[in-house]
Every structure is written in C-alpha cells, then in structure tokens.
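Starting off, we have a lone chain in the form predicted on its own, written out as structure tokens.
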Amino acid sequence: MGGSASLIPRDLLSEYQELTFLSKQEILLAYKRFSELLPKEERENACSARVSKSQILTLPELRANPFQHQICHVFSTSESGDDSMSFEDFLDMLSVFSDSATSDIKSHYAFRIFDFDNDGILDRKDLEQLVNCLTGQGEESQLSSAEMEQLIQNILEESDIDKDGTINLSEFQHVVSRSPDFASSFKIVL
C-alpha cells in the first residue's frame, strides 16, 4: 500500500505547492489529516470528497479556537451553505494559517473571519461578537454593557481612520501592520 503521496497525483501536488504557502510535506500531512476525517470507504477519493463542518471541528487545532465556526464559513466553498470543506478548501485554510503566509494574506482573512455578517466592514455588532468570542460567552466572563461600549469605542478610536463608525479592510490592515506579533499568532499547525 502506497503512502499519502500515491493518492495525490504528482502534477496536482506540484500545483498545490505553487498555489499555497505549504511545502510538499505539509501538503501530504494535510492530505493524511483530511482523509482521516472521512469515512473509510471515501478515503481513497479524498481529493474529490467534502468533509462536514462538524468533522472539521473535531480537529484539535480548531476545537479550541473561539472563531472555529467563522473559520469554516470563510474557507468553505460549499454551494449548499453547510460550511463543509473540500481538500482544496482545507489546504487554503492551512496555507493562510501557515508561518509562510504573508501578513497581508493573514490580515485579509482575519478581517473576513471577524466580519460576522459578511458586509465588508467591521461595525459595532461585529466588534461586539468579536469581543464575546475572545472573552468567552459565560456569565462570569461577559462584559457589562458599559464595559462593552467603552471597549468598542476604544477600538474604533484606535482603528477607524475615516471616522465613519466602522473599520474597513485597509483600516484593519493598518492596525494589524502595527502589531508585530499578529502574523506569528494567526496560525494553525497540524
């Protein structure tokens, strides 16, 4: 029985290397991990299979991430809207979260993940959801209305360059560019 490499055609493996920030070894490991999420009878055709969101969320690397649902949503190309992932979706996700991805790529996807309503801006509602994800949803960790309002006001004062009450992608990228540890903390390692 051949290894993972025999199940990914060589030309496809080369293409994945060209199109992602992943090495051959990382792609093969991703293929192995993706295949393991599939039922045994579907593993031979992992390149053309889709893995359900619930299965993707069993990965330890995502299970503890407070943005796990948004991550699946942003990287899924599922036309049915179920946030399932193909192998290529999975590779795209790992590529963006890899150490080799550029800060611009990482900040673009971070913005999309934090844009909960997909309207292209981070408004007060998005920022409130973002804070709630980071602080936890439990009663003991939830901020009071006054604390939340003050925090959102501080975020907007720091980030909203054009003072329209929202943060657009370029404003977000500007803030992220001043945060030297952003790129190294925005990662998933299999």
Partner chain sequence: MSQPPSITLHVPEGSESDGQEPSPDNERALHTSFHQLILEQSSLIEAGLELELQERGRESPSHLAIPDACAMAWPEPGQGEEHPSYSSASLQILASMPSRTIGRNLGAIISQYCNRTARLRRQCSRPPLQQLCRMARPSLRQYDLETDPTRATLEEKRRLLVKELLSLSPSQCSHMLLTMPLSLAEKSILRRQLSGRRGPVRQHAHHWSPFSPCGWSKVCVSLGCRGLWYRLLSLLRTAQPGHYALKQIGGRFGSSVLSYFLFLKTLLMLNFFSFLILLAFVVVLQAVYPTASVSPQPFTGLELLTGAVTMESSCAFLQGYFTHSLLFYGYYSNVTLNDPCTSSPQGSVCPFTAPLLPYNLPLAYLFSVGVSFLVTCILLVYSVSRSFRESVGSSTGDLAIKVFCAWDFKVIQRRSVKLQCENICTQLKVEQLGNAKPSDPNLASALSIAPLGPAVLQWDKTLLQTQSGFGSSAAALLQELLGEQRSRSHSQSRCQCLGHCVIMLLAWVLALGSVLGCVLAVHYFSEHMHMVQQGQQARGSGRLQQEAILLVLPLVVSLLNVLMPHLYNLLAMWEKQDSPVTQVYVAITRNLILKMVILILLCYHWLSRSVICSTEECWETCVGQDLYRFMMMDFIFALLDTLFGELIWRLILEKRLKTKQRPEFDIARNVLELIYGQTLTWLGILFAPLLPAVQMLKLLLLFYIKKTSLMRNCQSPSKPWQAARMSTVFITLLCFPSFLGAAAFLSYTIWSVQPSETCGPFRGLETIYKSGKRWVLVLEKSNPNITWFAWVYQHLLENTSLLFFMSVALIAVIYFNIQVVRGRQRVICLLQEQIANEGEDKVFLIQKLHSVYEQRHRRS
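Residue numbers count along the first chain shown, from 1. These numbers come from a predicted model, not from an experiment.
Just so you know, the form predicted in complex with its partner chain exists too; it's not on screen, but the next bit is about it.
- Of the heavy atoms in residue 159, some are within 4.5 Å of its partner chain in the predicted bound form.
- In the predicted bound form, no heavy atom of residue 48 sits within 4.5 Å of its partner chain.
- Although the partner is absent here, residue 91 sits close enough that one of its heavy atoms falls within 4.5 Å of its partner chain in the predicted bound form.
- Of the heavy atoms in residue 144, some are within 4.5 Å of its partner chain in the predicted bound form.
- In sequence order, 114, 117, 118, 119, 120, 121, 122, 123, 125, 127 are the residues of 114-128 having a heavy atom within 4.5 Å of its partner chain in the predicted bound form; the partner itself is omitted from this view.
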